[in-house]
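Here's a solo chain for you in structure tokens, the form predicted on its own.
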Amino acid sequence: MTPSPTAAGVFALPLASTADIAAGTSWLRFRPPPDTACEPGQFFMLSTVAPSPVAYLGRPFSIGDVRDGEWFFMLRALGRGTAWLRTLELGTMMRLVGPLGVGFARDESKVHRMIAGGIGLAPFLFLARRLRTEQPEAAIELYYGERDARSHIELTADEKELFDTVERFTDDGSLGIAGSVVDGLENRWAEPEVAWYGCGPQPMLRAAAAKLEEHDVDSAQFAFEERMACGFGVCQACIVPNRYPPPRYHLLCTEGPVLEIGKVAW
């Protein structure tokens, strides 16, 4: 199923709650107006309503989950702006622009397999929640890698129930399987009737795309992480090379952030 486009809006909402879920990583939660729709894989640009001396531009955040009438956004403090966002007090008025971009198509499949690297876990809880509702008989699998055990996000009981399989990987071997997610899936790339999804650092996505294409799988969907200044195509900053130009590049904020791997010049 290909999601229908969802009209974007500008929302001024108080920061409802925060929760630390791993080292340097937190959920930010907001309570949107009723019946405000969004799709897994779409994103919002987040900033404060009041001018900030630290973060002049909004920051893009995937919709991490939608439940109990709240929007969840996964924040990892990776720079000055995201570190500052984590220090905001509850009730701070925030400016949320979205939902923006193109989300994941959710076609029928026996197995839905998600590859997450680091903060690339962000869109997959919402995606799994939708798939669990729409395709209750399908198997939903999560393969999730981090640098070390401290960085791994612990899933709640409700979140664990979204997945039939959860396998964890760490670069240093301090949790789960030692090594990368791509290495850990070495014998799984050619399995039939699998819908593939990925999100994480581009080196991980590039390696996963190479493995899939080696086994003639070209319909996998990857959500790309790129710096953005505007979120709707004006700044032309969030680009990835197009395999079949013209144009030479895909604009991730309008054509993505979710793209079929066959469309990207890796």
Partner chain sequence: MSSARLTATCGPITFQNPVLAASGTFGYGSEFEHFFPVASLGGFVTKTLFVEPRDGNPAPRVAETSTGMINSIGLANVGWEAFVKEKVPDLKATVGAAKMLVNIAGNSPDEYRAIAARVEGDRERIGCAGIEVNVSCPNVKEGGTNIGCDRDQFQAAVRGVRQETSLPIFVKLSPNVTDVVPFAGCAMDEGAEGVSLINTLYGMQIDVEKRRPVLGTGSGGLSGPAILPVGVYWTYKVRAAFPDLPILGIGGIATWRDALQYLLAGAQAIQVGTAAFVNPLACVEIIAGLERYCSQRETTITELSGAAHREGRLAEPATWTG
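Numbering follows the first chain given and starts at 1. If you're wondering where the values come from, they're calculated on a predicted model, not measured in any experiment.
What comes next is about the form predicted in complex with its partner chain, which does not appear here.
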Do residue 234 and its partner chain come within 4.5 Å of each other in the model of the complex, heavy atoms counted? yes
Is the gap between residue 47 and its partner chain in the model of the complex 4.5 Å or less for some heavy atom pair? yes
Can residue 8 be called a contact residue for its partner chain in the model of the complex at 4.5 Å between heavy atoms? yes
Would you please decide whether residue 54 lies within 4.5 angstroms of its partner chain in the model of the complex, comparing each non-hydrogen atom pair? yes
Just give me the single entry in 150, 160, 188, 80 that has a non-hydrogen atom within 4.5 angstroms of its partner chain in the model of the complex. 80
Considering non-hydrogen atoms and a 4.5 Å limit, which listed residue (207, 217, 229, 66) is close to its partner chain in the model of the complex? 229
Within 4.5 Å, heavy atoms only, one stretch in 109-117, 92-100, 134-142, 162-170 touches its partner chain in the model of the complex. Which? 92-100
Those residues of 238-266 which, in the model of the complex, come within 4.5 Å of its partner chain by heavy atom: 239, 248, 249
